[in-house]
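Listed next as structure tokens is one chain, alone, in the form predicted alone.
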């Protein structure tokens, strides 16, 4: 292990930490030093399986170890509390999505990280996959013309309770789990924020089980207005795709958010010629790419593609979506500056 390897602590014995983040941290050349788990027996089992040298009960003891950074893999409702606590201990933070429960919380987290001169990033791993760089280069080339419509779905059948995603007190629901990816992608592709949103949903177990969204992106002066029609949910067969329609052509991605390891999925498009093309893209581990980018930001004092300000802006849109679900009306996306 190199001398500049970062020492990581893990908050939460979640499956995503076991399967993706801990292997990615090690592949990036860093060290997983300690795991904190609310259920000590679960943490001990995971630490044994993954050869993590120390496991502790709870989360505060992790923050008291000699670490550089922590990865927070806790239920959504705990992200704000433990991110602020970690920043208070002088630790850089990679936090699972969504960054917090509200844009206000996320803005506070971002401000705390700036004051402490620490890196705070949201673990939106798909944005580090090289297939997305190729996809965006097609859009930015002008081959599709001006973007007019974006549509997409991220849905699957979630097992019945107990599962934290069915628990409203822990920040459950489809919007926070899979809808956040769709909103993030729509904002990233449009390179601007929506001003209005409309949402309709089906609720079960006290959370949003299925949600359909419409996001309005106003004319930016450089590109005309566009719309995004997005669907997410826990109650249908697995479906995950994204399509962009421009004034001259279109492009689609299958599994835009979870392509991993052996998944060399192409971009399918018509770039104005009337001929459908398949553009090959390499397989990659976006988690490892994310961890490496995070590490560079920590070492160089830089930023990441999924920093806290972007996480707060995404939550401003989700805030408006939740308001629309409650009111049945079109809701404005509130400015974070206000």
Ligand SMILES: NC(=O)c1ccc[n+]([C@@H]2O[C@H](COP(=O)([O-])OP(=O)(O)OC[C@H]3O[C@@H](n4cnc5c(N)ncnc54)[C@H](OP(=O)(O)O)[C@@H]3O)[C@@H](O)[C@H]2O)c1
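Residue numbers count along the first chain shown, from 1. Note that this is a predicted model, so its numbers are computed, not measured.
Omitted here: the form predicted in complex with the named molecule. The next part is about that form.
Annotated contact segment (heavy atom within 4.5 Å of the named molecule in the predicted bound form): 162-170, selected among 162-170, 239-247, 261-269, 138-146. This chain appears without its partner; in the predicted bound form, the one residue of 123, 113, 207, 101 with a heavy atom within 4.5 Å of the named molecule is 123. For the residues 317, 325, 24, 14, the 4.5 Å heavy atom test against the named molecule in the predicted bound form is passed only by 14. Put simply, residue 234 is far from the named molecule in the predicted bound form: not one heavy atom of it is within 4.5 Å. Contact annotation for residue 65: none of its heavy atoms lies within 4.5 Å of the named molecule in the predicted bound form.
For residue 74, a non-hydrogen atom is located within 4.5 Å of the named molecule in the predicted bound form, even though that partner is not displayed. By the criterion of a heavy atom within 4.5 Å, residue 187 is excluded from the residues contacting the named molecule in the predicted bound form.
Using a 4.5 angstroms heavy atom cutoff to the named molecule in the predicted bound form, none of 92, 117 and 127 count as contacting. Residues of 171-200 that come within 4.5 Å of the named molecule in the predicted bound form, judged by any heavy atom, are 177, 181 in sequence order.
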